[in-house]
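Coming up is one lone chain in C-alpha cells, specifically the form predicted on its own.
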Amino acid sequence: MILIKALQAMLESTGLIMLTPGNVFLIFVGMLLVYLAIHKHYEPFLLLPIGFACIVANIPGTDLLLNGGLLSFFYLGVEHMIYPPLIFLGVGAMTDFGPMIANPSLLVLGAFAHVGIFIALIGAKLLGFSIFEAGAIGIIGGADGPMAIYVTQHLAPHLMAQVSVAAYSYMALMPLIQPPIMRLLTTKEERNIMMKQVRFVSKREKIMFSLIITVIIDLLLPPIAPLITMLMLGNLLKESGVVERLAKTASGEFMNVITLLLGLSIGSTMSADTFLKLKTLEIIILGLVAFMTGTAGGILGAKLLNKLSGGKINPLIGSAGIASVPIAARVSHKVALEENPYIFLIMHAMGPNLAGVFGTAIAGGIMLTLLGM
C-alpha cells in the first residue's frame, strides 16, 4: 500500500498526468519542424529553435512558460519589441543594396508581390476578424518575420503565436511553396531569359542611400521608424568601411544570438492551450494564401515588365518581391538554375527582394498610421 502511494505521488510529480492530446500533437509538430530543419535544410536557423521550443512548451510541469520561467524571460524581447529592430540591424549589416540601387525599375516588383497582404487582410475581415486582427494577419503576406511581430504586437498581441509561427514557418518553407507557382505562371522561354549584369554602384551611393532612406521613411512613417532606422544603421556600418568590427559583430555573433532568442520565443508561444484553436487554422490558411498570391503577383508583375522591356526581364525574379531576404532571391536563382545552369539570377533577384523589405515596411507603417497605433 505504501509502495502504491509512493508510486502515485511520483507520478503526480511528473508532467505525464497533465499531458493532453493537444500537447502530444504539438510535440510531434515541433519534432516535424526539427526534422525539416535538420534533414531537409529548410532554413534551420529559424525552424530548429522554433521546433525545439514548441516541444518543450508542451511538456507540462516544467514552469518554463510561467512568469519568471526561462522562456518567459526570452519572450520579453518580443513583448517589448526589442528583437525586431535588432534583427533589422543585423540584416542591414549583411545586405548589399547595390542591386536595388542599380536597377530601380525593379522596385515595382516589391509592390506587385505584396498583393498577398491585402488579399489576406480582406479574407480575414470576411472570416469575422476585427480590422486590427486582419491587419496583423495580412502582414504575414509580406514574408518579413520581424515586421510581422512588430505590427502584430501593436495591433493584435493576442494573435502573436499564430501570426509569428505562420510567418516564419512559411518563410522557411518557401523552397516548397514558390517553385510550383513560378513554373505554372512562366513559360520555358521566359525562364531561360538571361539578364544583363547590373551596373556598378559606388560606395558613396550606398552611404547616401542609407542616410536618405532613414530621413524619408522616419519622416513619412514614424510608426516603423525603429525598424528602418536600425536597418539603415546596420547597412551604414557595413558600407562606411570604417567600423568593420561593428559591422561584423552586428551581422555575425550578435545576429546569431538574437535569431536564437527570437526562434525560442516564437516556438514557446505554441503551447496547446493557446495555439490549438479554430482561429489558428484560419490564420495559417490565410497566411498560405497570402504567400501564394504574393508570389503570383510578383511573377505577373515581372512578366509585364518583361514585355515592356522587350524581353529583357526574367519573370522568375518577380517571386523575390516578397520580403524574405535572401530566401526568396535564392529560390528564384535555384529555379532558374534548374532550367538552365548558365543563368545566374541571384543578384538580379536581390533587387526586388530588397524592394520587398521596404514594401512590407511601408504597408505595415500605413496600417499602423491609419489604425492610429
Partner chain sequence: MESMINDTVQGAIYLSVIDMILLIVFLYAMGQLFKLFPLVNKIKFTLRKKGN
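Positions refer to the first chain, counted from 1. None of these values were measured; they are calculated from a predicted model.
One more form of this protein, predicted together with the partner chain, exists but is not displayed; see below.
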Decide yes or no: are I131, E205 and T369 jointly within 4.5 Å of the partner chain in the predicted complex, with each residue judged by its heavy atoms? yes
Of these, L184, I212, V242, L281, which has a heavy atom no more than 4.5 Å from the partner chain in the predicted complex? I212
With the partner chain left out of view, choose which of H80, K196, H158, R199 has a non-hydrogen atom within 4.5 angstroms of it in the predicted complex. R199
Candidate stretches 161-169, 115-123, 270-278, 143-151, one within 4.5 Å of the partner chain in the predicted complex by heavy atom: 115-123
State yes or no: in the predicted complex, is some non-hydrogen atom of G90 no more than 4.5 angstroms from a non-hydrogen atom of the partner chain? no
At the 4.5 Å heavy atom threshold, is G110 in contact with the partner chain in the predicted complex? yes
Contact flag, V257 vs the partner chain in the predicted complex, heavy atom cut 4.5 Å: no
My question is simply whether I101 lines the interface with the partner chain in the predicted complex - judged by any non-hydrogen atom within 4.5 Å. yes
Just to make sure I understand: among 343-365, which residues lie within 4.5 Å of the partner chain in the predicted complex, judging by heavy atoms? A355, F358, G359, I362, A363
